[in-house]
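Next come structure tokens for two forms of one protein chain, structure 1 first, structure 2 second.
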Structure 1
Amino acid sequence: MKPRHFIFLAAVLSASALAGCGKKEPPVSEAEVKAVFEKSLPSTVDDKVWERVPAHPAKLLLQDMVEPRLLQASTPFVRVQSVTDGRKVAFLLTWKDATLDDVPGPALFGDACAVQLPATTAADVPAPQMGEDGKTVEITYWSAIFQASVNGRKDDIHALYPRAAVDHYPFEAPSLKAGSPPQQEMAKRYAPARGAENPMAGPRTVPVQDLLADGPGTIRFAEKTVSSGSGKYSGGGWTVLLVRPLPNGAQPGGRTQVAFAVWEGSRQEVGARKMRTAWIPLSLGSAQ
């Protein structure tokens, strides 16, 4: 066996180990991501169905094509499993990460991952790095920071510094009833990103965002986020479930392409500074 193959196998085995002790290891699909047909999609990362859905060990590459680039490799690969019910497609991403990074701070970055599909399924696929002009890609982005917020962590300074002392916020004055429209309005007025309805700013009900891009540096928010997801950190790694509609033109039984990205927060990976895959064939199972 050539040394390169040995490393790849070690990576696959190591990914399998991440699935958790005692769990049945899923079969491996090396050539493609196989979206297995199920009547109903799994709703959690712990669903039993993941034990029999083939896992594709996706090798992650440096994003070193466009600025700002990442030139030091971090997360080496992500294990991908997929299920479809004919209308939606679910992806389960599992990767090793020694540090849990889910707190937002001036110099703190969150762990994150994303799934990218061509907006339109056609033989002529967009460029794998964020698509290209006239060939849009759809991206579903999950963030550990979003997840912590959805899980109930408050967006205040005490999440970062539990012993911080705050004298007074004017929008929390006793004269303003907590949660009342005037109080909410005042709090929003001084959070301009929230006022501008920037989806980064919340309030957050899902830990994911739907995005569109037509090339590097063009990422934009989809009109509405329709995808859902959840992420769980345990055993030195993340397991993240992302569920999104099948893209335009993708049919059960058909094929398209899919790509993935992982950001390691402790290495200040954000935006273009990420580990990513090339296009990987995605076969969509059908009821037949």
Structure 2
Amino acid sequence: MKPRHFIFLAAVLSASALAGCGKKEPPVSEAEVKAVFEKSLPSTVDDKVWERVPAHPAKLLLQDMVEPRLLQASTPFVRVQSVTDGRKVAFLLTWKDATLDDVPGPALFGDACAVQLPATTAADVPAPQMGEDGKTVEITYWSAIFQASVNGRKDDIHALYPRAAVDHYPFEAPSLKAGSPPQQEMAKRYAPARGAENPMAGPRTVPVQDLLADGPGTIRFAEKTVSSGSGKYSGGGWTVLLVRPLPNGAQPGGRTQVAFAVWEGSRQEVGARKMRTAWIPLSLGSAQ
């Protein structure tokens, strides 16, 4: 092992303390992400199974290929662990982040992460930069802002701006019964994105969004979000669980590719401005 590589790996292992002091450290898989087969997938970031699932230290790279580029490195790596039940695959992502960013607003951006897989498993993989024409990639995106909403933060001006002073909103008029159709219709007038049925707006039931892409600048919503997940901030970093179906052609015992991205909100990272990986081999365990 080269000395520089050893130093990087040591940093990865020390960062694993983000998962919580006193927990057993998992083994390390340097060459690939190994999805261990389990009959049932873990449902939380604190599941005991993660103590024995191999962890891959995924090096993050600047997204400096298309505009808007990220030209100053932030998050250096993300620790990746994976479990599959033969139908779905779960990823546990752990990375350091000194600031918790989960409040939207002008010039405010949330922490986030994503996992990307080829939509169809084949020897000729799409470009890792969000696929290419005719070679679609599937993306599951998690947002700290979404997570805060799922955790119970109210979707109103007082929750987002605690010091705000509101004189009057028409949709809060005493003559409108709270929750009634007229009251809800009036509220939509003051929430244009929700009124336009923007999938990214309003209260959420899950902190993830499924997306598709055929290259930079082509990202779009999947017909339906079928993935799930949860995120937890502690000890100066994030631990995020993402659970999604295996893509077309991916089989237990087989192999495919996977890539990851991380956004640090406090550094104005959003959209294409992100730290990301190249394709990483993903081996899928089987029941045997």
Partner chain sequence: MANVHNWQIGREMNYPYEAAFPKRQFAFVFNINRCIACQSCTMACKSTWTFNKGQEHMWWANVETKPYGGYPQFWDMKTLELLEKANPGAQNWSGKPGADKKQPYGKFDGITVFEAQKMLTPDSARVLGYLPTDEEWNSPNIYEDNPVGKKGVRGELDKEGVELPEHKTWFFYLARICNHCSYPACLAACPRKAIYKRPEDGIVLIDQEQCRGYRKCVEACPYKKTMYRGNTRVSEKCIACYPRVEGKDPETGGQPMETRCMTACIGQIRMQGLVKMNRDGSWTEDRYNPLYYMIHVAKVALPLYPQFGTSPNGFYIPPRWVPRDYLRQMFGPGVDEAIERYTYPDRELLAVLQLFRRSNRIIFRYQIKEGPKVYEATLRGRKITLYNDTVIAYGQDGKEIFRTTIDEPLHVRPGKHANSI
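By convention here, residues take numbers in order along the sequence of structure 1, the first being 1. Just so we're on the same page, rigid core means the largest C-alpha set that superposes within 1.5 Å between forms. Because the structure is predicted, anything quoted here is derived from the model rather than measured.
Colleague: Of structures 1 and 2, which one represents the form predicted in complex with the partner chain?
Modeller: Answer 1, the form predicted in complex with the partner chain.
Colleague: Core-aligned, does residue 195 move its Cα 2 Å or more between structures 1 and 2?
Modeller: Superposed on the core, residue 195 moves its C-alpha 2 Å or more between structures 1 and 2.
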